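For reference, the chain that follows is the form predicted on its own, supplied as structure tokens.
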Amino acid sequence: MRVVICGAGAVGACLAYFLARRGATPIVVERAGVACAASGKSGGFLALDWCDRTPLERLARRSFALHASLAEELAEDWGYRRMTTYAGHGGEGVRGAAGRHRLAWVADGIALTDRLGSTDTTAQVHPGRFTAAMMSAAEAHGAELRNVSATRIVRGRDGGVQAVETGDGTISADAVVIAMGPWSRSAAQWLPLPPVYGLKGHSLVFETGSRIPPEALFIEYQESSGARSSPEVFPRADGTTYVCAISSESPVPLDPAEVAPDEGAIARLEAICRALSPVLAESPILARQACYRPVTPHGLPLIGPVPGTKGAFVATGHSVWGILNAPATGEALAEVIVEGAAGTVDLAPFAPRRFG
């Protein structure tokens, strides 16, 4: 069974892996490179129970378990480790506020009020390395990666998928999956897809060495201008620390390679980091970047068959939980494509037909 996957982000790579393990032949088409967008520039934070009591609960719990088992099974170093996670607040007007917790690397002006997760419930990966490793594992089981751009879906007489046209020729296919993040909206020219949008976020990567232990932060912060932001801090196993904040609804460019930070956003984020931690204030900055998270109007991902087009599927719209939920999404959708139904996670809450 030949399955063309449009998009080599975390979801596309995981889907290729689970399809190949089930004997299918996945062909991943990606014009800009593996993990070229949010899958390479996100925090890589994982949480067991933060989606509980929502439609995402079973997907998230299954995926959290898969992250642990895949790290052990594939024995690839993509920075998987468990973390302790804290919440707090700080900024102008709250200097000296007391918190319930104290971390040596966090500035005195930041009050840590809650422990959100332990090493039993929160973890992390380096998202770019995780995605690249899953793509390599898929190729080892027979998947193929082609650096081309999909331009059209060719239908047969019955209206079902027959092939995918690319900038380098036509690829015959028994099925096609749209997994292009916010760029999935371009596939609406080919298929009746619900809308997918991009929410832009900004981030910095610091070289911190061993000075920050595996302790993640979620902070509500008031800037000197009075603006409020919600920085998230994720120290990584490779000696870097990732910090993100400041979202915007800037238009998504046609080419992922053209994504650039909004004017002034990085300067604001650097000022926040200096106030958050003396370690960050003293550490070199390795990357100043931005990416677009794929979001949907209803707040749920789109996972499953595209209505009215036999052999067409979609897997996108995961918002901030793309890295967390990529393995279970890939596993369950591979079951649907190859076996006709998902056995590990019920995908009904995310069926595209539910949302028009």
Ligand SMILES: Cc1cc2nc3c(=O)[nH]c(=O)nc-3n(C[C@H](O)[C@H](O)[C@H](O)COP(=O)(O)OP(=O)(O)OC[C@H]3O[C@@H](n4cnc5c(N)ncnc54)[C@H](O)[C@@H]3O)c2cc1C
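Quick caveat: nothing in here was measured; it's all calculated off a predicted structure. All residue numbers refer to positions in the sequence shown, first residue = 1.
This protein has a second form, the form predicted in complex with this ligand, left out of what is shown; the following refers to that one.
Q: Quick one: is L56 in contact with this ligand in the model of the complex, heavy atoms, 4.5 Å cut-off?
A: Contact with this ligand, no.
Q: Decide whether P26 counts as a contact residue for this ligand in the model of the complex under a heavy atom distance cut-off of 4.5 Å.
A: So P26 does not count as contacting this ligand.
Q: Is it the case that S63, even though its partner is missing from this view, gets within 4.5 Å of this ligand in the model of the complex, heavy atoms only?
A: Judged by the heavy-atom cut-off of 4.5 Å, S63 is well away from this ligand in the model of the complex.
Q: Should L302 be counted as a contact of this ligand in the model of the complex, where contact means heavy atoms within 4.5 Å?
A: L302 lies outside the contact set for this ligand.
Q: Only one of 72-80, 208-216, 280-288, 145-153 has heavy atoms within 4.5 Å of this ligand in the model of the complex; I'd like to know which.
A: Partner-contacting stretch among the options: 145-153.
Q: Sequence order please: the residues of 289-314 with a heavy atom within 4.5 Å of this ligand in the model of the complex.
A: Residues within 4.5 Å: C291, Y292, R293, P294.
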